[in-house]
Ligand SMILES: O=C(O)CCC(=O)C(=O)O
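Let's start with one chain on its own, the form predicted alone, as structure tokens.
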């Protein structure tokens, strides 16, 4: 069934209060005038060599027509220094993702705030013929148990992550614009999403899509003959979703490869299902061994693949 035309709120970046209210109500919105077209063109140029060099995906996580540029922060100075640290993004992640708690240290009460960090930043280039993703929540990686807030209203702080997507080109229904179900961030974990509930988030290159991790959404199908849909994504989560001691910098590759498999696993050199901890779409140990992945990437957790890919 075809998705409906967009009912998603479009709000200028200058109206931060309205953006916050839209996210509370719908779990998402489109921020207009988020950036300049020339900035988008510069980011497009910086990531293009990596998109060109990417390999197809054989699993179900991405359509095989998709190309990706991982490590966007390291590969695009413009995206890193203009978007990742944008004051509006920081303000929104502070409002929805930062976690503040109080505790006693001896007899003195202390208050601590864990600020949001970028969990992943990546560019996606979806080519002609790519099928739509299945509707999903991005916070599945963090194993969130969603409470039903349909009757109580949204409780700020119940989401652990949020995402920002800047289009590199005009995104349309035809070339696979993001589809989403506004309000689905309020659903409990037992309610399944349906495609006939989704709407389309068409955007111009100066826009930015923002959504909570609990919102059901998907990349749309690219039914064009020649258009490629490029989007640059930045995904933020709570800062304490990482190890307290940074063993990854403290130990050399040779050190780690000399450890037992059990020690490598407990120290975080295996992936957390389904997708946490990869390096350039390799497992950490593949990366340290310089094994590569052959001619194509596969899903990290095969259980999320569909038996028949033609049905989605």
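Positions refer to the first chain, counted from 1. Keep in mind it's a predicted model, so treat the numbers as computed, not measured.
What comes next is about the form predicted together with this ligand, which is not displayed.
By the 4.5 Å heavy atom rule, the three marked residues 126, 165 and 219 all count as contacting this ligand in the model of the complex. With the partner left out here, this ligand still marks one of 133 to 141, 109 to 117, 83 to 91, 147 to 155 in the model of the complex; by a 4.5 Å heavy atom cut-off that stretch is 133 to 141. Taking non-hydrogen atoms only, residue 237 never approaches this ligand to within 4.5 angstroms in the model of the complex. Among residues of the shown chain, residue 229 is one whose heavy atoms approach this ligand to within 4.5 Å in the model of the complex.
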